[in-house]
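There is one chain below, alone, in structure tokens, taken in the form predicted on its own.
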Amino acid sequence: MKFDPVALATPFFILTVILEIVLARLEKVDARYEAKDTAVSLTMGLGSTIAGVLIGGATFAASLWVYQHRMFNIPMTAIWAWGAIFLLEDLTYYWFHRMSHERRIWWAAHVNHHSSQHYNLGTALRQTWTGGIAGTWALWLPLSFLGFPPAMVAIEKGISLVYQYWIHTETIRRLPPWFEAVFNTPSHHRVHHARNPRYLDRNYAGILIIWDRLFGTFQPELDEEPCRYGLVKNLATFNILRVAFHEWMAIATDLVREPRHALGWLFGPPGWSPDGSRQTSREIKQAWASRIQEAPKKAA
């Protein structure tokens, strides 16, 4: 495939990360960087690229096989087809992203992207090494079955990833209301990366925030509640192997210890446990909401 949006944009990614670091050091922008944290993000990005190359052939071959059994012939030269793939791919991304937070096996492949306690352009490059193994790429196969050429789907996926790069920043605060209403923005995505109970598991958008508004997962960023970044339980390490594989290792440990609960360990929400000794994000949010409701009563 000759046109790869991510490959073409990679020099821009590197230059803008460097620029944001320099401007932050000069105190010209509101951005926080830590050398070891940024090194982990860049290494994860490099590893993700290598993993993509290793498994990319197999996933593209699967797309081609599905495309051979397509329902319709959709031409790449039609403008309407690009409009349709833009909407359908973005909707697919929303559900992929939501599933990656709601089911532990897919969270294991996604969690490393949320493991930084900083939020900057470098964080955008902290990508999974194990997404291909987790099989989430299969969610895009129905697009080829409909009749969109696999190359067209791949290009649109690349465009979405390039778009999502620039929203990983604290430098840009708010954009015009009409833009915030329709598109994913730094403000919306800061909420997604926050570990505040109010903000957990919200704003799954790729390019369009309308899906979150439609499916009830939208949460605006509140001036009175700044975002705190990272995981509910932060790793407290810059060990690249732990960052990449810690949740997979935790799943393996649970499976060995209590194999009879294998389905729950794999497909339950992150934090699920058979005895309720751990907390899911829903339970964390419920406990937080209860405390908020009780606070005025105690004050009275």
Partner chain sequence: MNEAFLIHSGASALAVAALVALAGWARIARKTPRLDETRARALLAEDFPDEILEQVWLASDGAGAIAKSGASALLLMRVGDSYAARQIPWVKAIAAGTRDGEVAFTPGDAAAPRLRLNLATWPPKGLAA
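Residue numbers count along the first chain shown, from 1. Small disclaimer: the values here were computed from a predicted structure and weren't measured.
Keep in mind the form predicted in complex with its partner chain is missing from the figure; the text below concerns it.
Interface residue remark: H118 is counted as part of the site for its partner chain in the predicted bound form, having a heavy atom within 4.5 Å.
At least one heavy atom of T38 is located within 4.5 Å of its partner chain in the predicted bound form. Its partner chain in the predicted bound form comes within 4.5 Å of a heavy atom belonging to H246.
When its partner chain is considered in the predicted bound form, R198 lies well away from it, no heavy atom lying within 4.5 Å. With its partner chain omitted here, the record of contacts in the predicted bound form names 226-234 of 67-75, 226-234, 181-189, 140-148, defined by a heavy atom within 4.5 Å. Three-residue candidate spot I79, L91 and S100; no residue lies within 4.5 angstroms of its partner chain in the predicted bound form by any non-hydrogen atom. Between the options L46, A58, A252, A262, the residue in contact with its partner chain in the predicted bound form by a heavy atom within 4.5 angstroms is L46.
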